[in-house]
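First, one chain by itself: the form predicted on its own, in structure tokens.
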Amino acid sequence: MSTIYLDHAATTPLDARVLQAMMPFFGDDYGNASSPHHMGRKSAVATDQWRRVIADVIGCDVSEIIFTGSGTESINAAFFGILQNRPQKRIITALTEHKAVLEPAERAAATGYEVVHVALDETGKIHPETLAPLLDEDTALVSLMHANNETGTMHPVGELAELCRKKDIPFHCDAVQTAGKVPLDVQELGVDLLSISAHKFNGPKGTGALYVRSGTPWSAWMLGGSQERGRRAGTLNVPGIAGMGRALQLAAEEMDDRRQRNRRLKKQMMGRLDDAFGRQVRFNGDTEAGLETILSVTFFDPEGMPLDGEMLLLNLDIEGICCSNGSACTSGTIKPSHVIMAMGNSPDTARSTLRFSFGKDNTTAQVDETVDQLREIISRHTHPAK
């Protein structure tokens, strides 16, 4: 049985061309990039080369890129690196953010910060007119994602960041789901900090980056060494950095083709699901202008009651089809999606929601097979044999 992988929002397969760029640093070129000898210098040169590639892709200076161990670390570093430099005590974010944002906000709240959640529309989108009234002289940080990792809804980050810039409030953007998938230019977005993660765009796990705009009131959150110009302690992951740089380079070069393919797959799946189930499915988020790689679907029985999402997941997995019911960081426990509930849904409805996320190697035949299997599974569940 072949595997159909439709969980690219959780992680993506490592591109063979990316592995090729990484291999020298697993072998003969194993030097520590901080060492003064020729082996170390070779690794340092490679690190600088790929830092330049990443900076060029997202439109910043090389000095504004800090390598980290993950997207989560990048987000935490953005948060606490700002908070320790700002006397203000208010954080603005949204209930649909990733847990990597919500939990640092909760930690800050436990130490005296006020956390304010901006309102959403029915697709989970944030609009400038809802953010503007929340910004005041006591706001330390605004952190809002570029695209939601469960629904694909994209926020107008450029407009939101401009509001913050006018009030001299740092704006952090979690771009983990959009890096390598849509054009990402930090100058156009106007953000002060931005987080990305290599494994979301066919790079290696365990490698992330944080963009910090020059002049932003931010300081190192992880201490212990002078790496990254004293901004992030720890021996640099040279193979991972090479892999992230090459993966982002390839994603940028092939972006138009990948986006067109994913757009077709998403449209095809929505059409097939509509034909197969009609009112027994509901699509969540902004399906028109949202991220092409993500489709969130809620399933109902013929009487309009939410179906058991865990049952759907397990039966699809038996057939070799991989998808999810939300963020991979929470899927180890059977909990309703906090994103779907934040959009006004009940826990039962959230539990009946699956996320299908497409990648560069998915095919139309795989989409057809997935819908066919769903039809069989749901038919068995709603019309059991007597």
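Model, not experiment: these values are computed from the prediction. Residues carry their position along the shown sequence, with the first being 1.
One more form of this protein exists, namely the form predicted together with a small molecule; it is left out here, but the text below deals with it.
Taking the small molecule as it sits in the predicted complex, is residue 174 in contact with it (heavy atom to heavy atom, 4.5 Å or less)? So residue 174 counts as contacting the small molecule.
Do residue 72 and the small molecule share at least one heavy atom pair within 4.5 Å in the predicted complex? Heavy-atom contact with the small molecule at 4.5 Å: present for residue 72.
Could you tell me if residue 100 has a non-hydrogen atom within 4.5 Å of the small molecule in the predicted complex? Answer yes; at least one heavy atom of residue 100 falls within 4.5 Å of the small molecule in the predicted complex.
Should residue 197 be counted as a contact of the small molecule in the predicted complex, where contact means heavy atoms within 4.5 Å? Heavy-atom contact with the small molecule at 4.5 Å: present for residue 197.
Given that the partner is absent here, state which listed stretch (296-304, 228-236, 141-149, 160-168) has heavy atoms within 4.5 Å of the small molecule in the predicted complex. That would be 141-149.
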